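Let's start with one chain on its own, the form predicted alone, as structure tokens.
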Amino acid sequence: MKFKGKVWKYGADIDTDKIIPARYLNTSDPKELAKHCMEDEDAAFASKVQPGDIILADKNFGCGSSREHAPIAIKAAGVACVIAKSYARIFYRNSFNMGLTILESDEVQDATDNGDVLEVDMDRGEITNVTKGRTFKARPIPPFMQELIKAGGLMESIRKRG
């Protein structure tokens, strides 16, 4: 799998309430959640994000409460991939269960600016900053977890095997 998109760069400790504020948890409709994605961190995000864009964050992305709404909102907003130095463990697992592509990398954040274009090659585990002409390594994603993403999440994977 390959992705190429514009970077939306955020700092450390972006919690699930910043990803999708609790006041919108009365719905599980992905399209409605997407309208409010990142609203309390970046009010312009939902109205300006384009399909295929990439969220780039520092450490501990997705900390806080364990709501599945967070990866659903990001995916429904059209984000192709989230890259962070680290993730809260429950967000990490929920992302794969919901079919949201996420990668861990310690290097790309410090060498990438908001608005840069990244190209991600999941099979090679490489992230290239096209804007700056630099390539970085991502931590490998086990093949069975890559299959969850390709299937669209855990439930879709089970359905397709069924």
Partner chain sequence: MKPMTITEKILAKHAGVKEVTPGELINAKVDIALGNDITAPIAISEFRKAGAKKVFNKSKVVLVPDHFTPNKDIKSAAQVKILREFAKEQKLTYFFDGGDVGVEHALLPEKGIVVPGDVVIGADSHTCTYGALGAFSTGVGSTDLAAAMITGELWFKVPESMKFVFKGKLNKWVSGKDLILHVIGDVGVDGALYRSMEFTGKPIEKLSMDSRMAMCNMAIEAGAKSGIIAPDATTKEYMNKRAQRPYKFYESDKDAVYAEVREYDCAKIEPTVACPHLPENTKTVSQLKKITIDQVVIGSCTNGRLEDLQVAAKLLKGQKVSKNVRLIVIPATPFIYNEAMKLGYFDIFLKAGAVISPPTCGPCLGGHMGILAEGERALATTNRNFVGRMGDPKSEVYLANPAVAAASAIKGRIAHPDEVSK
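Residue numbers count along the first chain shown, from 1. These figures come from a predicted structure and were not determined experimentally. By rigid core we mean the largest C-alpha set that fits within 1.5 Å across both forms.
Below, we turn to the form predicted in complex with its partner chain, even though it does not appear here.
Given that the partner is absent here, state which listed stretch (123-131, 66-74, 109-117, 46-54) has heavy atoms within 4.5 Å of its partner chain in the model of the complex.
Comparing against its partner chain in the model of the complex, the contact stretch is 66-74.
Although its partner chain is absent from this view, report whether Lys2 comes within 4.5 Å of it in the model of the complex, heavy atoms only.
No, Lys2 sits far enough from its partner chain in the model of the complex that none of its heavy atoms falls within 4.5 Å.
Quick check on Asn97: any heavy atom within 4.5 Å of its partner chain in the model of the complex?
It does: once its partner chain is placed as it appears in the model of the complex, Asn97 has a heavy atom within 4.5 Å of it.
Using the partner position in the model of the complex, report whether Lys18 sits within 4.5 Å of its partner chain, counting heavy atoms only.
The answer is yes: Lys18 has a heavy atom within 4.5 Å of its partner chain.
With heavy atoms only and a cut-off of 4.5 Å, decide whether Ile90 touches its partner chain in the model of the complex.
Taking the distances in the model of the complex, the answer for Ile90 is yes, it comes within 4.5 Å of its partner chain.
Suppose contact means any heavy atom within 4.5 Å; which members of 12-41 contact its partner chain in the model of the complex?
Asp13, Asp15, Asp17, Lys18, Ala22, Arg23, Leu25, Asn26, Thr27, Ser28, Glu32, Asp40 sit within 4.5 Å of the partner.
Examine Glu147 after superposing the rigid core and state whether its CA is displaced by 2 Å or more between this form and the one not shown.
Shift of 2 Å or more: yes.
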